[in-house]
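So this first bit is one chain, no partners, the form predicted alone, shown in structure tokens.
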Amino acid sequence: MSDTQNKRAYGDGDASFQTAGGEAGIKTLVDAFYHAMATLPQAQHIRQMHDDDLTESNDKLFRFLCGWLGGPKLYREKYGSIAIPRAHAHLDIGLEERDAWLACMAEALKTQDYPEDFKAYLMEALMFPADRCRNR
């Protein structure tokens, strides 16, 4: 990473995408996220909301995060535009489910070699899309 990228604020251009390790780093994060969902007791009810085969869910989250973090718009390329509330409207999502999802992400971030301030930034920033998934 160049000195210019190091000095950019997270959320500025592709600074977050680069800090996350690009596509490879985000793929690793998403894999750790779904591992956390499968193993954290407080996440079992949200794991049950997913298909047994997590291939598509994993791909969608990976592609969403790439674009959301300022990288290539991979979700749009494959699935079209995303409206987070509409994409989750078929699920019963309240505060408990939102918080379980965020707990999975927090657990996944523990396994990543990201700067601590970036981990904190991500958790704060992810509250917005996580909250937009709520429908009750």
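Bear in mind that the values here come from a model prediction, so they are computed numbers and not experimental data. So that there is no doubt, residue numbering starts at 1 and follows the sequence shown.
From this point on, the text means the form predicted in complex with a small molecule, which you will not see here.
Colleague: Any chance 15, 70 and 118 all have a heavy atom within 4.5 Å of the small molecule in the predicted bound form?
Modeller: The answer is no; none of 15, 70 and 118 reaches the small molecule.
Colleague: Would you classify residue 50 as touching the small molecule in the predicted bound form, given a 4.5 Å non-hydrogen atom cut-off?
Modeller: Contact with the small molecule, yes.
Colleague: Does any part of residue 27 reach within 4.5 Å of the small molecule in the predicted bound form? Heavy atoms only, please.
Modeller: Flag for residue 27 set to no.
Colleague: Flag residue 97 as yes or no: does it have a non-hydrogen atom within 4.5 angstroms of any non-hydrogen atom of the small molecule in the predicted bound form?
Modeller: Answer yes; at least one heavy atom of residue 97 falls within 4.5 Å of the small molecule in the predicted bound form.
Colleague: Looking in the predicted bound form, any heavy atom of residue 93 within 4.5 Å of the small molecule?
Modeller: Answer yes; at least one heavy atom of residue 93 falls within 4.5 Å of the small molecule in the predicted bound form.
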